[in-house]
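Just one chain is shown here, as structure tokens, and it is the form predicted alone.
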Amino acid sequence: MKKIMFFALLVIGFAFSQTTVNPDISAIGDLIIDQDGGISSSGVELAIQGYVNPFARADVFLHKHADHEAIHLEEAVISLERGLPFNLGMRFGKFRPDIGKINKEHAHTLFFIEAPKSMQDMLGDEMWGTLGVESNWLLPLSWYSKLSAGYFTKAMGTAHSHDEEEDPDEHSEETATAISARLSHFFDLNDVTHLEIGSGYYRDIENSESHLHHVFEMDFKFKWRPDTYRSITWQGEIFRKSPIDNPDNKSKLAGYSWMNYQFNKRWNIGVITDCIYFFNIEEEKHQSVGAFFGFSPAEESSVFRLTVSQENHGGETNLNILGQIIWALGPHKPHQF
């Protein structure tokens, strides 16, 4: 199945590639310091992006972790954005499916340093990226409304593997396929305020690693933006994951909410909370609340971030303090303006 997907991506690329325009190339790296003085890094991300013709664009993201591991292909996707009938769009390749809000966002574009633990638990430490095909349809409504649906070759929450010595045929008997769908609506409340709400569904089709699950999710994003560099953004989402046809209802609920105030081009401040609850499962719930700060000294090419959070897991409380420096070369910047 993966070979068929890659072959389809290659054919589509040749069929639609008719441009000689050079793509945008960017590199983004970071350095993270914790409260104990420990220093780490998520590595370097290389982004290669551009339109292959007026109807399609290609996005490739490569990630080299800060250790001996090999370069990881994070995304390699061709998106057909226009030209198809009935306002249809398509994506082919390896990419982050349209489920919820945060799954499609790369870590350096977040206002805080790490994705909420609730979303890491549901989607995976590096979010859910997989090989697949996804279609989207702009519904014929008086407001912006989009329906997306896709078929994928890796289950949600499956751990990434960066082991350069791993034999790709070693786990050939392991299978995992899934489908997902999402309906989102975008409303302009006035000239400077808008609201986006969405709901989605995910289902395992085949998974040799564990029991089959399905997931229901709801999300929202509210934004007030009177000019380019001032805004108030409030975003949240909640996932419920349950085994399929399980009479004991052994499910879990995970969600987060954050609010950010960008009061000029350089400074932002915000708060975040997230939680994980378990139903009929002997697991301790996880809760956290925190604050985050950001400062961009010049030209949006570097960002200093600070996150302070208090976590409670199984009655044990921990205070976490993280600082981060992000730098960027090229047009792919670590911001959300």
Partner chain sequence: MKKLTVLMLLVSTILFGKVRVVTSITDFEDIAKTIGGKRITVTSIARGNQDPHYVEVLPSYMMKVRRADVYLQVGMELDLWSRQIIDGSRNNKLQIVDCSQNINRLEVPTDKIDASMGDIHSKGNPHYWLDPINGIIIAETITNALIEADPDGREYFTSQLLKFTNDVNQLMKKWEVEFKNLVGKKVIFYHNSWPYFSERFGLEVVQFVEPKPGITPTPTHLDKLIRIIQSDNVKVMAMEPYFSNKAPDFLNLKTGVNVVKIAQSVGAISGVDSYIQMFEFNLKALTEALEK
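Residue numbers count along the first chain shown, from 1. Since this is a predicted model, take the numbers as computed values, not measurements.
Although not depicted, the form predicted in complex with its partner chain is the subject of the following passage.
- Heavy atoms of Y261 never reach within 4.5 Å of its partner chain in the predicted bound form, leaving it off the interface.
- Its partner chain is not drawn, but in the predicted bound form it has a heavy atom within 4.5 Å of G89.
- K223 belongs to the set of residues with a heavy atom inside 4.5 Å of its partner chain in the predicted bound form.
- Residue contact check for Y51: one or more of its heavy atoms lie within 4.5 Å of its partner chain in the predicted bound form.
- Note that among 58-66, 303-311, 264-272, 37-45, the stretch whose heavy atoms approach its partner chain to within 4.5 Å in the predicted bound form is 264-272.
- This chain lacks the partner; the member of L139, I205, I71, M218 within 4.5 angstroms of its partner chain in the predicted bound form by a non-hydrogen atom is L139.
- Of the listed positions (H108, K104, R240, H194), a single one reaches within 4.5 angstroms of its partner chain by any non-hydrogen atom in the predicted bound form, namely H194.
- Residues of 78-92 placing a heavy atom within 4.5 Å of its partner chain in the predicted bound form, in sequence order: E81, R82, G83, L84, N87, L88, G89.
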